[in-house]
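So this first bit is one chain, no partners, the form predicted alone, shown in structure tokens.
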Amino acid sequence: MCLATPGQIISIEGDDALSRRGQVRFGEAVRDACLAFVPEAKEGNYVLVHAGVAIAVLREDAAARALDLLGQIE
């Protein structure tokens, strides 16, 4: 089973919509993610990331709820 994880964009690189990448914080970890599927995403937004690709922008309250639920799994 695959799982998409919410994270917060801390920086964005690139101007071209297809090659935009961002540094995304997942708790203590920071990973690089492709932002091509979420052209509206900005620094500070929460995104849902699957296999290194941001697939949706999340509202902050939805991201907090998802992170809380994931924390309960541990």
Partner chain sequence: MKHVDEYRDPHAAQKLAQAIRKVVTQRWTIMEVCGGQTHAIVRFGIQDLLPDSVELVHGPGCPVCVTPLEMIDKALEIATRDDVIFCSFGDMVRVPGSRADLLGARARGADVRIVYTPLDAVRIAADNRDKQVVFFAVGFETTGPANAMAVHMAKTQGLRNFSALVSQALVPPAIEAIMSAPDTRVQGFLAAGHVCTVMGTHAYAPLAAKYGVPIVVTGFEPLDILQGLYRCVLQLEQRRAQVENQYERAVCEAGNTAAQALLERVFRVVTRKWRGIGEIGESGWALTPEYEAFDAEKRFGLADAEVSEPEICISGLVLQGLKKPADCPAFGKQCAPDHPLGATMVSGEGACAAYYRYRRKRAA
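Numbering follows the first chain given and starts at 1. Owing to the predicted nature of the structure, the values given are computational and were not obtained by experimental measurement.
Another form exists, predicted in complex with its partner chain; not displayed. Remarks below refer to it.
The shortest heavy atom separation between residue 14 and its partner chain in the model of the complex exceeds 4.5 Å. Its partner chain in the model of the complex comes within 4.5 Å of a heavy atom belonging to residue 31. In the model of the complex, its partner chain lies farther than 4.5 Å from every heavy atom of residue 41.
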